[in-house]
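The chain below stands alone and is given in structure tokens; this is the form predicted on its own.
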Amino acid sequence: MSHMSASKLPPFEYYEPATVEQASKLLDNHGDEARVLAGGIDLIPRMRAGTVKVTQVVSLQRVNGLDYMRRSTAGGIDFGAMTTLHALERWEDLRVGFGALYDAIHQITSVQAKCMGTAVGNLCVATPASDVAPALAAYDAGILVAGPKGERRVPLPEFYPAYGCTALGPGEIVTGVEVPAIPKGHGAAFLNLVRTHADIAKVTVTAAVVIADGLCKQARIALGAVAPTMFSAEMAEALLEGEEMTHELIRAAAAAAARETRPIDDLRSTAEYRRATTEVLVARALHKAAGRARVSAANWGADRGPSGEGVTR
């Protein structure tokens, strides 16, 4: 432990625990006055601005084993809490096999943010405008949590119970993310709408489908920036599952997804515009995901990877 302060930062106590257990205990002891520091992309600016009151900062920099990226034995991918966005972007298994997640990370324009920021940190900020959260949700990702009561896995949509909140309890820390293996005939697509490349998204959409025997066997539509939290458009998903993905059905599902949104008016967009563009982007993402799913089925087992999602530019 050491005492630290910086220009325009209020004084705070800084801890560098060596284990997840030590970090968890520190957070549990200090309660709401403590925050976890990973890359610091969000926390430090908020401390400078005074929008978050923190007297204890618990860094994960010296905790070994949290910067991993690996293929799971089942064929999915896992990565740790300290894995940077840049490392994930450069990971071939992600780029080839999980193209929508790659796209979500790749379109982030700030090199500094990607080199310093972590994917888990992005998730824990709990902003509804996150690009990474909907992409992971469409792949049925789970959040790995460790704390005083042990370890648990939280499905990503359940990680956000309310605006700006996560499902973390006292002393709990996100240690990593698990993304399950994707089956034959799977395809996914990420799209967002921004004013400029560096801006926060007005709407974020990730669609993922599994097509077999000409029918949609599974559909995932995850939306961001159009409700208090990132969420799955379950009514739209239900319309697709078990049906042939015709142009007319995709239009109906996109309209249903737009009806599920709860957007707001703010400086970046009106609620009406967000709802209208959600319908457009969901339709585009579903068409793109369906195309990738058909390629996946045709190329299953080929050198380009199991998903057939190889990102196209």
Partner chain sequence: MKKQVLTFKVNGLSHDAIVTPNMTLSELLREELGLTGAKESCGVGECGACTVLVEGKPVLSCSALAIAARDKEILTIEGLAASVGKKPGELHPIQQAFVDYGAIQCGFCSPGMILMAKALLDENPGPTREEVQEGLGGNLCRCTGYVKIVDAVLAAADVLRKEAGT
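Note that this is a predicted model, so its numbers are computed, not measured. Positions refer to the first chain, counted from 1.
Below, we refer to the form predicted together with the partner chain, which is not included among the displayed structures.
Of the candidates L37, V54, A252, L26, L37 is the one whose heavy atoms come within 4.5 Å of the partner chain in the model of the complex; the others do not. Interface residue among V111, A162, L215, M235 relative to the partner chain in the model of the complex, by the heavy atom within 4.5 Å criterion: V111. The stretch among 85-93, 172-180, 123-131, 145-153 whose residues place heavy atoms within 4.5 Å of the partner chain in the model of the complex is 85-93. When contacts are judged by a 4.5 Å heavy atom cut-off, Y14 counts as touching the partner chain in the model of the complex. The closest non-hydrogen atom of R70 lies beyond 4.5 Å of the partner chain in the model of the complex. Looking at T246, you'd find every heavy atom of it more than 4.5 angstroms from the partner chain in the model of the complex.
Of the heavy atoms in M116, some are within 4.5 Å of the partner chain in the model of the complex. Three-residue candidate spot I41, P45 and R62; every residue lies within 4.5 angstroms of the partner chain in the model of the complex by at least one non-hydrogen atom.
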